[in-house]
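This document starts with two versions of one protein chain, written out as structure tokens and named structure 1 and structure 2.
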Structure 1
Amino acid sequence: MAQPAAIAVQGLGKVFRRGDGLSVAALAGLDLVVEERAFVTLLGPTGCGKTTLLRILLGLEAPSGGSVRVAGRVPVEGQVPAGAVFQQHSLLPWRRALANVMFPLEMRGVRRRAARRQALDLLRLVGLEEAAGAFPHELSGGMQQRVAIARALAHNASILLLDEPFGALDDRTRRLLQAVLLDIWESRQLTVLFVTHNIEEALTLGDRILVLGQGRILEDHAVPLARPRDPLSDAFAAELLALRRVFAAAAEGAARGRDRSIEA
């Protein structure tokens, strides 16, 4: 490994103490290394700790054990050099779409006019140029998510953490944004950690696919497909089938009678 790791996690554990007195081990002994400029997708059943992992990486949650480094440093909230898209709607409701995208730019002290221009470019990138003046409540769920993606890109960090960003989108838009994301990833030489429920999406995007279960990485699957990937090609179909099997086996092994719904 010549490159230093963008994200390095070792033996990460996270225990939540819930209001009803029970403790939940969301993560338990998770090891993870994401190389710089890698595109890693994170796949796993609901409730397996994906969001928790991203939150820890962002410094929003303190780990209960283990060590975490993002860009070589222990993550501190507000100082992590990573753009993020949250799983739920996360636009600031009192700001118009454009102002939401401008937020990270303002925080970096970018001049107002330059920030405006950049934000508009990013909105154009996600196909929402006309929505610039709209308030979040005037946008559909998918549109809001796209604005949030534009905002994460405005962060201008070398790492992107995305928590099911395309979950609410139709197929066409999803493909479009996948292409946009890959484009930016390549041109800006980003490191991306991408959470999804969708195996096909994981396969379309990732260099590596990590299967998370029981609070740790169950499978680390390197994708042998070359880019650009054609989902209609035989190689892709074969790979998808193989991956489904891996995933099913992992889920099977992990399931301890818990009800899990996995979109496949």
Structure 2
Amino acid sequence: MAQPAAIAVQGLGKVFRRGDGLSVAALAGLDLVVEERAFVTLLGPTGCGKTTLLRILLGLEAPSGGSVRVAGRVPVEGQVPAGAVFQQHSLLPWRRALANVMFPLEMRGVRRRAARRQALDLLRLVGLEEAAGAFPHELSGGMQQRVAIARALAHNASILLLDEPFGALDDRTRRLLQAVLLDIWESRQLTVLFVTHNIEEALTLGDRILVLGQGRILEDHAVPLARPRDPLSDAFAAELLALRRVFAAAAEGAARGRDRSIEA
């Protein structure tokens, strides 16, 4: 029996108006379904609309057309039942790690003692309990992203949206945080939509890989590999090669799209 949809998008379009009177279509007729408790990676080159899609799912951008539902509701800024993590961590620099994780709990009206206890539990979950008293600038990039993940989980949402959260990290730290994220997804039974332009990362993490290009889904690929995945295996290499071919086509389409405008 199919799982119910945590995210459902149909015919989604988004057009941005440029200062010269022309408009550019970032998304065009995009259809997307993410089932509950799935780990889906959204793979695409720069300029293909990945971040625009996530901003629409978070209620930060209004669609130009089509329908969008997150946990059965139309996204409204500040009311979306999802946590979000971006490449830039967006932690509050004047608040220590613990206080940053407490912030969403405080905004929901959780009492301070309970908020502190829950925040400590979340920092423990990402392996950063000992850094609770550190300010963001005192943490490494990987540690900052762990705090950002803990803060996203503090929204008590069952859906986690991540926009290239490990893109600025070195390979060793990226692999470590990938493992941390997979553990959290499995233990908390989350639905995860993870945006990346890194093909190996998409294959390491996702049960499904959606290749985005020209404003729509070009490929919906079910990953046949069991976990944990060995990046040195022949099966992994074969999947990687197939995805690179699709990604190349998407990148070519995105490059053409950057040069194409429509009359406003």
Ligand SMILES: Nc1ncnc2c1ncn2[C@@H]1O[C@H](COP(=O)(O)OP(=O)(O)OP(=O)(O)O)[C@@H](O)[C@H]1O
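For numbering, take structure 1's sequence and count from 1. Rigid core here is just the name for the largest C-alpha set that superposes within 1.5 Å across the two forms. This structure is a prediction, so every number in the text was calculated from the model and none was measured.
- In this pair, structure 1 matches the form predicted together with this ligand, whereas the other structure does not.
- Relative to the superposed core, I159 shifts its CA atom by less than 2 Å between structure 1 and structure 2.
- After superposition on the rigid core, displacement of the C-alpha of A82 between structure 1 and structure 2 stays below 2 Å.
- Per-residue C-alpha deviation between structure 1 and structure 2, core superposed: G133, 4.5 Å.
- Taking the core as the fixed frame between structure 1 and structure 2, we note the C-alpha of Q145 moving 3.7 angstrom.
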